[in-house]
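Form predicted on its own, single chain, as structure tokens, below.
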């Protein structure tokens, strides 16, 4: 039986601004298995970004719990969560979130340097070669195209060999050609590295490639189904 790598129990997220209370997620109960490619789908405002942020430990739920590889991370302190975010999970953002003052190579190295990995440079160089960015290794983010920035961000997310990679609308700021390239890259890395991939998107073309699709509507799971190619 496949290992459950992520599990949520009665997960809810509520934001309170003054007297206004907005429920973003409600009664989220799901399991994600090791090695799966799962798409979280839904229209803008459905809760996709919030769900991925909570699953990865970036944000915290209002109530409920999250288990990562059987370990409850819900009540962990920031110090306890830091290695979870840096080593066990990787995150690819729509807006890239590269450090402007660092080169492409330095951006990729950064998470490995945080854990004092002596192989940080070697690993970063290998990843950049793999995604076709070796010639751009000394370029700063402002000198890179959107597709190059996203490939750099993917390398950064992968450098510590995380068990699970979360990608939040990773093609949202890219043109159609670069979007296809990023989806192909993520799918290839998922196949070759056996990394669990959880990707938020509203694209039916990307959803069709997933093992499973979880559909959110108004913060609730309304459908759990297989991808068209599963």
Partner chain sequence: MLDWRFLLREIWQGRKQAMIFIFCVALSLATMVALNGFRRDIDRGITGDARALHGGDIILHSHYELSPGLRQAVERVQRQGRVAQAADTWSFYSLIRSVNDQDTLFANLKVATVGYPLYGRVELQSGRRLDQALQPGDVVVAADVLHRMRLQIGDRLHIGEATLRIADVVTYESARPVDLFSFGPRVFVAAADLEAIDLIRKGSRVSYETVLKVSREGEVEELAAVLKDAAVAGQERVETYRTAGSRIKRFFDNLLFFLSLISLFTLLLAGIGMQSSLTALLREKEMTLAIVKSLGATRGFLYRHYLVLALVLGMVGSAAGSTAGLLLEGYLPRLFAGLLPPGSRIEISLLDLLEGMGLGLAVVLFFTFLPLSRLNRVKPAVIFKREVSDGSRRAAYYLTRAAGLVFLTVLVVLQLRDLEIGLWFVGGSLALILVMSLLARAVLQFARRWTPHPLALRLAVRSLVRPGNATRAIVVTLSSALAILLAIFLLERNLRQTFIDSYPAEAPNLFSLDIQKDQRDGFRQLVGEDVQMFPVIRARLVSINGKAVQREKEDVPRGDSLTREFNLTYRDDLLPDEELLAGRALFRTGENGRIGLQVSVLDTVAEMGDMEIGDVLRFSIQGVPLEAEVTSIRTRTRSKLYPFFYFVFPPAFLEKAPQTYFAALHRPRDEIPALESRIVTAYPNVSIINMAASAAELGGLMQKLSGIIRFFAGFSLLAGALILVSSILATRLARVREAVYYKVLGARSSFVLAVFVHENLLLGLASAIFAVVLAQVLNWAVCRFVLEIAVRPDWLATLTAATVTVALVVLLGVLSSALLLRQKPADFLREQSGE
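Numbering follows the first chain given and starts at 1. The structure presented is a predicted model; accordingly, all values stated were derived computationally and were not measured.
The protein also exists as the form predicted together with the partner chain; that form is not presented, and the subsequent description refers to it.
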property	result
Residue (of 68, 58, 189, 183) lying close to the partner chain in the predicted bound form, criterion heavy atoms within 4.5 Å	58
Full three-residue contact with the partner chain in the predicted bound form, heavy atom 4.5 Å, for 37, 136 and 178	no
Any non-hydrogen atom of residue 129 within 4.5 angstroms of the partner chain in the predicted bound form	no
Proximity of residue 74 to the partner chain in the predicted bound form, heavy atoms at 4.5 Å	no
Partner proximity in the predicted bound form: residue 83 to the partner chain, non-hydrogen atom cutoff 4.5 Å	yes
Contact test in the predicted bound form: residue 98 vs the partner chain, heavy atoms, 4.5 Å	yes
Heavy atom within 4.5 Å of the partner chain in the predicted bound form - qualifying residues of 133 to 155	140, 142
